[in-house]
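In the block that follows, a single chain appears as structure tokens, in the form predicted on its own.
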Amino acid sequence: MDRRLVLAAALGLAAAAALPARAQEVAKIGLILPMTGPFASTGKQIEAAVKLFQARNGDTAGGRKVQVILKDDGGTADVTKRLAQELIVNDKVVAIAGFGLTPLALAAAPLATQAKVPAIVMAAATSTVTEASPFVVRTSFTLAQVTVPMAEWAARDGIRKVVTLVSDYGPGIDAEKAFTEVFTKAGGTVENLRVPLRNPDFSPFLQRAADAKPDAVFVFTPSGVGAQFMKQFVERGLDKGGIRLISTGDVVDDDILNDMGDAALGVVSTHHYSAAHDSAENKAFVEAFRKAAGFRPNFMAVGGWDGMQALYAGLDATKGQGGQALVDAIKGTTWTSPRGLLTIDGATRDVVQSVYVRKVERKDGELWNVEFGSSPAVKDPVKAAKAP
């Protein structure tokens, strides 16, 4: 037989033999979260959701076994960047994910671009995060997205004078700007206050808010900080002074809501997820999550759950490919989440979802954010304003 034919046959057999091996090749996902430090609640929620997703959906997608590698960045951007680089270079991950705060997501974005590795943002909520890299996809929310419905509701409910009190970093500034713009257009007046992100003391800012005698205080704090705010709100007597408290859902976070006690009753907020959301999908999610993790899921958990949903859908569509193919496969994807119908915008790679108006109520001995209104298919308003 011609030696060339023998060689070709041998190569063909080698390629055929490699196919099962390729099918079993591991698709590694680097999950970078603040598991320690002041924002550890975000990490524990997302980690629990990722574990639950794989327990219920299996560990295979696109013909590849999916392995999640968890790394703790402690909420420090320099550490996030180092971990992302190690995961990309040493572990050869198909995607990086997590990112509990905006600075952490922004630290990893240039590496995602350089290596052409998708970065799935499960938490960080500043509008500009998805503009930092064409490989960033968000499954959480943006602060502007959930704030505009609150400003609209406040104006409709007869509130005329508001003091905004936000944590002084990207999401808080987005929330302040979005609320102020919408509320003033509706005829209201606003005074803006910003509180340091690290080691916040709300007391002096709450005193300034009380002195302004507004109808309401609109508040944004990161997940996990709301209990401290609520305690100081009560200590300063604002709850007894006829000043209403309105907020984004971060403040009345499901993870810590029961610890706030009666002071939280009646607080109205707008957000994309409540553990009390009335759907079959959410009831099953909450029941399974509480059984597996031992605590109630919050909006960070659903961001992690849907981040895995996006990755599995993308890997299935590309038969296990990563890179640009994976990002392209995720864009435009729609599914029913525990939070409701969710779509990844094909143009912005940001999440399109319903935003709900909720009030804290006590039911069966627990506090819940009970929904009483909604705005469907809300896009990030910051990007929507830029669209031609």
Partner chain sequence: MSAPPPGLAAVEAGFAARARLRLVEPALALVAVACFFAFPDRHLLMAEIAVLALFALSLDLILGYAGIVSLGHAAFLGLGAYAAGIVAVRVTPDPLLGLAAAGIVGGLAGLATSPLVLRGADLTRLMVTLGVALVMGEIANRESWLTGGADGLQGIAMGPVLGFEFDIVGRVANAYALAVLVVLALLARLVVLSPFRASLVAIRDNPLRARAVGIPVNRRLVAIYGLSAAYAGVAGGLLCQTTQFVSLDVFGFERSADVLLVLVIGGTGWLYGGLVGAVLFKLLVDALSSLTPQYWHFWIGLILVVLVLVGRDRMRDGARRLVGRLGPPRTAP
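Numbering follows the first chain given and starts at 1. Only a predicted model underlies this, so the values are computations on that prediction, with no experimental measurement involved.
Beyond what is shown, the protein has a form predicted together with the partner chain; the following relates to that form.
Site annotation in the predicted complex: the residue of L106, A313, A216, A275 reaching within 4.5 Å of the partner chain with a heavy atom is L106.
Between the options T164, S140, T126, S247, the residue in contact with the partner chain in the predicted complex by a heavy atom within 4.5 angstroms is T126. At a distance of at most 4.5 angstroms from the partner chain in the predicted complex, all three residues K71, Q114 and D168 contribute at least one non-hydrogen atom. In the predicted complex, A77 approaches the partner chain with a heavy atom inside 4.5 Å. Although the partner is absent here, K81 is a contact residue: one of its heavy atoms lies within 4.5 angstroms of the partner chain in the predicted complex. Among residues of the shown chain, L342 is not one whose heavy atoms approach the partner chain to within 4.5 Å in the predicted complex. Remark: V352 does not count among the residues lining the partner chain in the predicted complex, judged by a heavy atom distance of 4.5 Å or less. The chain is drawn here without the partner chain; in the predicted complex, the stretch among 289-297, 303-311, 178-186, 95-103 whose residues come within 4.5 Å of it by any heavy atom is 95-103.
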